[in-house]
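Given as structure tokens, the chain that follows is alone and in the form predicted alone.
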Amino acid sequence: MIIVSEEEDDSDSNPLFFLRQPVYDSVLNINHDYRYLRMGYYVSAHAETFGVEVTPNCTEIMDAYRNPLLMEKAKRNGIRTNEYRLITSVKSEFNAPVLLFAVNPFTNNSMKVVDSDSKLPEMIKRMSMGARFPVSLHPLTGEVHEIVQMFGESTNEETLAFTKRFYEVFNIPICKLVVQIDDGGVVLNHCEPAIKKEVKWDIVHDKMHEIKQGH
């Protein structure tokens, strides 16, 4: 297995060098940002071009980073979500407070909490880029948390069982998750790139060593 990571001390290759080489072994792609057409995505796409197994693969990346795909895959695999709606304009049945997430290839870390019905139309217009792209609307029913998931570990102990299950289903080594916590537990709302300084790299390094020893 080739471990490709921006943290060069523990990796076999840095991303830029990896992209210039043919690939013959399976690849573990460790990056804090796997968004479409970013470096983390290119590494996985490059590995797939050579027909080798790569974690995460491009389908797994798209399933996690596109909100509607994330929600549907989570539901199918028993991860708790709340009911979301894809919209481009305000409907009469929508009532604040809600969480909004942009669904387009250009916006990152897009969560907006809207606590007033009067603010919804302008916010949806802005986030949909004038109704060109849908916005994912989620009811606000619990306490919102942003947590970083690293190989199933969490920056929030209360969500540790949840992040372990998320990693089992989605196979994304590092990401930020937007969740709500209520009396029923943890509810998944969104997945986005982690900010590099938010990642606990000591946990990542330990996991990398475990994986190396296992191979």
Partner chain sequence: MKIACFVEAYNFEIKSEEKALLKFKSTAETMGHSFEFIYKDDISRISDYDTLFIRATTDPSSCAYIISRLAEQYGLKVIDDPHSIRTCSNKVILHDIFQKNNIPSPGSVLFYGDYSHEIIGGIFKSLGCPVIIKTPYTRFSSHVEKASNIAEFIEISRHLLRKAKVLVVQEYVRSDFDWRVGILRNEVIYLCKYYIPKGGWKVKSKINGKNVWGETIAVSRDTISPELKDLSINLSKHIGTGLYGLDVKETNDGFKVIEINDNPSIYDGFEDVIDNDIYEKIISELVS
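What you are looking at is a predicted structure, and each value in this text was computed from that prediction instead of being measured. Numbering follows the first chain given and starts at 1.
The form predicted together with the partner chain is left out here; the points below concern that form.
Mapping the unseen interface onto this chain, Cys58 counts among the residues with a heavy atom inside 4.5 Å of the partner chain in the model of the complex.
Taking the partner from the other structure, the partner chain in the model of the complex has no heavy atom within 4.5 Å of any heavy atom of Glu146.
Among heavy atoms of Val178, none comes within 4.5 Å of the partner chain in the model of the complex. Taking the partner from elsewhere, Lys197 is found to have every heavy atom lying beyond 4.5 Å of the partner chain in the model of the complex. This chain appears without its partner; in the model of the complex, the one residue of Val90, Leu86, Met111, Leu140 with a heavy atom within 4.5 Å of the partner chain is Leu86.
Although the partner chain is not shown here, in the model of the complex the stretch 16 to 32 places heavy atoms of Leu16, Leu19, Arg20 within 4.5 Å of it, in sequence order.
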